[in-house]
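Presented as structure tokens, the chain that follows is alone, the form predicted on its own.
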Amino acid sequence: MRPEDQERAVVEVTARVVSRIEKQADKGNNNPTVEEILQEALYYERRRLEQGGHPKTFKQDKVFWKNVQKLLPKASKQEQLQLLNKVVDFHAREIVGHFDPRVYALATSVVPVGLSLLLNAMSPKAFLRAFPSFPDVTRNVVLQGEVDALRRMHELGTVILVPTHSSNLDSIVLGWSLYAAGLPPFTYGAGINLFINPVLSFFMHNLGAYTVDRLKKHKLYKDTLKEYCTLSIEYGYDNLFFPGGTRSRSGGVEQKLKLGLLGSGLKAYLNNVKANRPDHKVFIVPCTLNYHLVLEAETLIDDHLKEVGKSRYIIIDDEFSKPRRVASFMSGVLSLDSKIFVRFARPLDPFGNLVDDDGVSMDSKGRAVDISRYLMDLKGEPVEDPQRDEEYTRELGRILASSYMENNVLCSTHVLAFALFGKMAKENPGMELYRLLRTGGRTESVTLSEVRETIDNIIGELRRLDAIGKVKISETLATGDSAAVIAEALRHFGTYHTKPAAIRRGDRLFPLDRNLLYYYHNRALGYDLEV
């Protein structure tokens, strides 16, 4: 958020949240009182700080909440409201994003070169091909889908980009992709743990990122975060957030989406209609990010499979935090001229309707609809109706989940993993997943001919599904045979991970890291593919 908007945003967010809580408390009807809301926030914050909190904010958080604990027990109702105002203001100032055009100009001049080097220069062949120029990042990051429509929606209103989430590299790749598409930076929420590094923090703050502390569980913080997101959309800032909430631990395409921030688009649109703003339109653009290999796959699938996985919801010690692993990933994987597919889907309105190139909402029969009427009461006035609006957002979530499946770009690694893991499961009917992953079942390998036959069948079905818009496939899957798919997948599996998901020995394929094989297999679930 630009400097001139930051202070008024904090003031407005604080006023809205406090006013809403005060009105609800006055109504009674089992609504929590101001004191109860503050007590809940204090309880959760004390628990969080007992576990240490984030190094960047721990000291100031501890002092602040110690003061709240001291003042709250003796506070009058008026003093409780004042304290509520201070707490919301405290959260809002931590959240608020920054934007400096000078830093953006510097970053956009550096990022293409830097990302090109990361993606190519660690491969001597790629570097020498381009010498004396820098390698071209567009060789690796492939923009697909409705890029022109995305640009058009930016001109007509405010865009909310909602991508799938596989890796911490996603934000870097998306930032470059938007720049390459000729769009300004989008504001987005980033985990506060990513702001610990002072250099990274400087760029993230000044490129429009606002902080999200997922360790803060209380409702008051979440309400403040949602209100800030809503207000930024009203101010005309294009937004980016991941409806999956966090990186996909299983490797599958996200289907159970978190609707909290997603509903901010509808709320912002409602506020725009109420205020009769001329540029009031809000557009939702689904996006998928698709990798042959995922940097943090080993940690993510391990976390997914642990019974106590929820306790590591925020992973701060994965491969992304280890520079040598990142370098190994870039050097090993992307030296293969591997592709990262960024696919933009057809834009939607906040209710899930498709929109045409002029930003007009279309119903299921292709007829233009005035969506502002969805918000009117019997008197024809736009009104907030939480129950109604939650149902609209749930429907939008269902449509997004479907769009993700249709725009998921499957690669050779996914297909080989699906075929090989499927063969393992088929050879061990009824065996519980964890036992299969631990032991591998009855046989330690599968014949190459069996896998090739299975992959030939899968390729045929995927090409049919691609033709009718139910999935997207990489070039190798679109044009190659099973031998090409297996060869490409094995090259990728052998480049980066501590232990390859699978290797070939003679005429047999051996699953080596069955957890990883399961992880990449999961990306191809949901298409009724047969093994």
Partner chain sequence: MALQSIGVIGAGAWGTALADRIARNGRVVRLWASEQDVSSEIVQRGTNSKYMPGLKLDKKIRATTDIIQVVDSCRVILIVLPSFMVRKVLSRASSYFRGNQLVVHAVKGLEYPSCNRISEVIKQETCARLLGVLSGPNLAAEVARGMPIATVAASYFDLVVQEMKNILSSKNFLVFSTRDLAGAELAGALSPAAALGCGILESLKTGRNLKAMFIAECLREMRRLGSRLEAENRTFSGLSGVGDLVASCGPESGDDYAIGFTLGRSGKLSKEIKLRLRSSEGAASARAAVKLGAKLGVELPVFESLARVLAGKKKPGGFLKSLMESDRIRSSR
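Residue numbers count along the first chain shown, from 1. Remember, it's a predicted structure, so these values are computed and weren't measured experimentally.
Separately, the form predicted together with the partner chain exists; it is not shown, and the next lines address it.
Just one of Tyr404, Tyr374, Phe186, Trp176 comes within 4.5 Å of the partner chain in the predicted bound form, counting any heavy atom, and that one is Tyr374.
A heavy atom within 4.5 Å of the partner chain in the predicted bound form is found for one listed residue only; from Val369, Leu448, Ala180, Leu81, this is Val369. Taking the partner from the other structure, the partner chain in the predicted bound form has no heavy atom within 4.5 Å of any heavy atom of Lys217. Within 4.5 Å of some heavy atom of the partner chain in the predicted bound form lies at least one heavy atom of Asn353. With a 4.5 Å cutoff on heavy atoms, Ser364 counts as touching the partner chain in the predicted bound form. Within 4.5 Å of any heavy atom of the partner chain in the predicted bound form lies no heavy atom of Pro73. From the list 389-397, 428-436, 218-226, 298-306, the contact stretch for the partner chain in the predicted bound form under a 4.5 Å heavy atom rule is 389-397.
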